[in-house]
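Shown below, as structure tokens, is a lone chain in the form predicted on its own; questions about how it binds or moves come after it.
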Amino acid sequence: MTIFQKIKHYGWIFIQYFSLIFFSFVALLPVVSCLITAFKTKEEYETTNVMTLPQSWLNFRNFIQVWEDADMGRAFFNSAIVLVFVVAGSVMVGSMIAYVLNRFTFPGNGLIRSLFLFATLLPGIAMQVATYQLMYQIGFINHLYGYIILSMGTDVISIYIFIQFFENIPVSLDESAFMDGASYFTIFFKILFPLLKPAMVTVMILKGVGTYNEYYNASLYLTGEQKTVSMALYTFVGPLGSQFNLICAGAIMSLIPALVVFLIFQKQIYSGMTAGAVKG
């Protein structure tokens, strides 16, 4: 190996490790600063730098105040209900629509796909007036079930993810089962649906994270006791100033359920993502 080759080889290794360390630092810096701020008193936050360590790491008064003042218990309960129903509904609705569009040929199939694609190009904010009027007229304002139905009905990405996976499943499976007397529902639920686990994992991750972090629609269609975790964090934002030490404490509390779910199901998440990566 020549000197030039050695320089090129070790230079590439340096760039790889430097990029890994740099982007890891960029990703972790907001979390670390939020964690430090969460343990500071109001006086400490106002008089010290954001990266200055708190005087005591055993100061849990911010977390207790957030839990009580923002009613985080109810917010977590509401978010859990919304998350379970929205994720389950998105998986079922998205997979069924993808099954029909991929496995059946009928007039308007291409038009429906084009309309779904067109819907993804429209900014959601531009349709909020009509959507809000519709939600108000059918009595879905300030009800969890209305917000759940709205969240399930605005996801087009999951449909295309399932369509992509259906295209990799041979039609011969459907034909063999149909010749044996299986109905379309049996073919879908007992043969095809179990094969969609990688797609389901992908949809659950994307939809779950988006639903848990969603604030705009939640603040628009939910009020009062029906608030979610993202809405509860805005309890400490006001016209006279924001209490960022309490906001950071609430943000850390909101990270704990997601972290616990990831640690419990990380094997299934990794296996589903790697299984989906080799499709094609």
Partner chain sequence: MASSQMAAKPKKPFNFYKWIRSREGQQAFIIVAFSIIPLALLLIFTYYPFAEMFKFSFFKMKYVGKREFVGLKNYIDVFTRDDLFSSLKLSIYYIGGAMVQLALALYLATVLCFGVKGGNFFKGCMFFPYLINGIAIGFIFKFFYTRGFVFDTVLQWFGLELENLPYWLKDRSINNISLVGTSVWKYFGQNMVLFLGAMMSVDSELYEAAMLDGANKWQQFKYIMLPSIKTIVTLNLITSITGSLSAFEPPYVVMSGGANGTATYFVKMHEVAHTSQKVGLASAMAIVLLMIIFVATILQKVIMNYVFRSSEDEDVNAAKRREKKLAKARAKEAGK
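Here the structure is a predicted model, which is why all the values come from computation and not from measurement. Definition used throughout: the rigid core is the maximal C-alpha set that superposes within 1.5 Å between two forms. Residue numbers count along the first chain shown, from 1.
Same protein, other form: the form predicted in complex with the partner chain, not shown, and the subject of what follows.
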Inset, instruction - Have a look at L144, I191, M127, V84 for me and say which one sits with a heavy atom within 4.5 Å of the partner chain in the predicted bound form. - result: M127
Inset, instruction - Only one of A88, I112, A80, L195 comes within 4.5 Å of the partner chain in the predicted bound form by heavy atoms, so just point that one out. - result: I112
Inset, instruction - Report yes if any heavy atom of A218 sits within 4.5 Å of a heavy atom of the partner chain in the predicted bound form; otherwise report no. - result: no
Inset, instruction - Would you check, heavy atoms only and a 4.5 Å threshold, whether Y234 touches the partner chain in the predicted bound form? - result: yes
Legend entry - 4.5 angstroms heavy atom contact with the partner chain in the predicted bound form for S254: yes
Legend entry - Residue contact check: S158 to the partner chain in the predicted bound form, 4.5 Å heavy atom: no
Inset, instruction - Counting only non-hydrogen atoms and a 4.5 Å cut-off, give the residues of 70-99 close to the partner chain in the predicted bound form. - result: V93, M96, I97, Y99
Inset, instruction - Align on the rigid core first; then say whether the Cα of L35 has moved by at least 2 Å between this form and the one not shown. - result: no
Inset, instruction - Establish whether a shift of 2 Å or more occurs at the C-alpha of N213 between this form and the one not shown, with the two forms superposed on the rigid core. - result: no
